[in-house]
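Quick setup: one chain, the form predicted alone, written in structure tokens, and binding and motion questions come after.
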């Protein structure tokens, strides 16, 4: 059990901080946390998965873990209604983290809505490695752009796009990517957000022949690889397509290996499908 230290509303989202002790020292950008929601008498029996926004390692008894929550379902609404001091049942860190280059590179981080949360911790790690970091944050409206000031502090350049034009550049994140990639001579793209956005980013990455790591958004009921609700078709190095679990084989994957046009179906030729 972890104690909820802080719960603050930020725009359309809630920024929540938990006391997690030693967990903070091992969590990495791209990992996620699975939280039991609803309380002891609730019928909400499945955990909810949230990307880790950032961690602060302050010793074995004082580590902090931060998440960003959009209250739109029964579980997330329950969580965002909790007050500091409440004990919360959480499991972390889960899943694969982003791959960090051993040498300084030119990195482009692209996030959509609250899905951009893992990119802020990642940008700090990359900057400390001597990387150039450009960031693009996009959402439907200004209220759904998360923590633009945090982005400015940890990147070389920050571009904001909104579909309604209420702030930044009017349009989608993909509208501005080609120009930024060319200007900054980007070596690698890291992305988080809705699946449609990740697919569109991957098409651009392929066109520019750039490595693209993405954190995929699939519903994760257990978070530990048991329930099989978050499977996704991934092509392995051997060329074989397998239905892999996002929670333990992801959520961070090589975007070029994802069979994006499967549209939640099992592609023909998938291992074990016949």
Partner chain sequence: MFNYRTNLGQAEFENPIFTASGCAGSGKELSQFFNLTELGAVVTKSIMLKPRSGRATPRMAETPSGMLNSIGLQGPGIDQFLETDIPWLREQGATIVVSIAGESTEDYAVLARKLRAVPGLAALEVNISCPNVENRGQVFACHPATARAAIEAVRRNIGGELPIIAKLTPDVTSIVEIAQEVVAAGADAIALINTVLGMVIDTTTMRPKLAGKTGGLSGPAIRPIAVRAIYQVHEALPQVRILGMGGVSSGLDAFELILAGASAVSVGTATFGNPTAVIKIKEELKNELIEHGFDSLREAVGYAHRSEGNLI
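All figures in this text were calculated on a predicted structure; none of them were measured in a lab. Numbering follows the first chain given and starts at 1.
In what follows, reference is made to the form predicted in complex with its partner chain, a form of this protein that is not presented.
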Of the candidate stretches 50-58, 37-45, 204-212, 23-31, the one with residues having heavy atoms within 4.5 Å of its partner chain in the model of the complex is 37-45
In the model of the complex, does each of 6, 15 and 67 have a heavy atom within 4.5 Å of its partner chain? no
Please determine whether residue 216 contacts its partner chain in the model of the complex, using a 4.5 Å cut-off between heavy atoms. no
State yes or no: in the model of the complex, is some non-hydrogen atom of residue 91 no more than 4.5 angstroms from a non-hydrogen atom of its partner chain? yes
Using the partner position in the model of the complex, report whether residue 226 sits within 4.5 Å of its partner chain, counting heavy atoms only. yes
So, in the model of the complex, is residue 234 in contact with its partner chain at a 4.5 angstroms heavy atom limit? no
